[in-house]
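Here's a solo chain for you in structure tokens, the form predicted alone.
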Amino acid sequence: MIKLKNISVRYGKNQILSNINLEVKEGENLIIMGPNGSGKTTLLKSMMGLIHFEGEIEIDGRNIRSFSRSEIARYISYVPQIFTTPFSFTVKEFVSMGLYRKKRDYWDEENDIEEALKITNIYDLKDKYINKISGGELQKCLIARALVQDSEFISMDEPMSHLDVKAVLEISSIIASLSSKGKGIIIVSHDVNIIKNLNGNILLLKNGNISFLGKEDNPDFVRSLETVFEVKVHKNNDIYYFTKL
């Protein structure tokens, strides 16, 4: 379990997060939503100990400040929103790097690597270079790398941004399949319709504060969604869409 106690983050004079209290249990999904600048990515990076924060974060009852980076990797893997590298790796080589926390000769774990490639539907790309594939295919590589890391939670920062409609549907399906296998998914997303696939708790942030935390069927959810995004929310056949106030 990941537990946050009074987490605050400040960049210079700017207060990004204010006294966030949150628990994410093993196998549980959390969807983090909010307007641009509301602190979503900052919250995600705080949970992984990637940035300085005030307050306490515990993983299975142990203070995250006492963890090494490799120890944190046993619990949380990370799929960034944007990834670039000046180096040329094949898809298979890149995905294999997720095994580094387990052993130094990580490239020998053929079964784990190939399973991740198949789950994310990129097995046929395994010998291509990652700088020669599409954005959607690269995002699948990042998810496959996180998958072979075999952590309890996979954290994702807007994994479907800047992708075309087909890629969004494919990535959304893959994420839902990982959740069904017992992986806890912690995801930052602007796509409210992803909640129907993950069936997790929804965290709405505004100005660094929690405006809502709960399930989609909570009577306060739609009202909170409207308040946070300053829009009118409509629902048709389980699909959400928005109009101006």
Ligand code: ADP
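Keep in mind that what you see is a predicted model, and the values were worked out from it rather than measured. Residue positions are given as counts along the sequence shown, with the first one as 1.
What follows is about the form predicted together with this ligand, which we do not show.
With heavy atoms only and a cut-off of 4.5 Å, decide whether S211 touches this ligand in the predicted bound form.
-> Result no; S211 lies far from this ligand in the predicted bound form.
So, in the predicted bound form, is K40 in contact with this ligand at a 4.5 angstroms heavy atom limit?
-> K40: yes, in contact with this ligand in the predicted bound form.
Using 4.5 Å between non-hydrogen atoms, is V24 touching this ligand in the predicted bound form?
-> Outside the cut-off, so no.
Just to confirm, I20 within 4.5 Å of this ligand in the predicted bound form by heavy atoms?
-> Flag for I20 set to no.
Using a 4.5 Å heavy atom cut-off, indicate which stretch of 41-49, 61-69, 213-221, 174-182 touches this ligand in the predicted bound form.
-> Stretch with heavy atoms near the partner: 41-49.
Partner contacts for 1-29, taking this ligand in the predicted bound form and a 4.5 Å heavy atom cut-off = Y11, I16, in sequence order.
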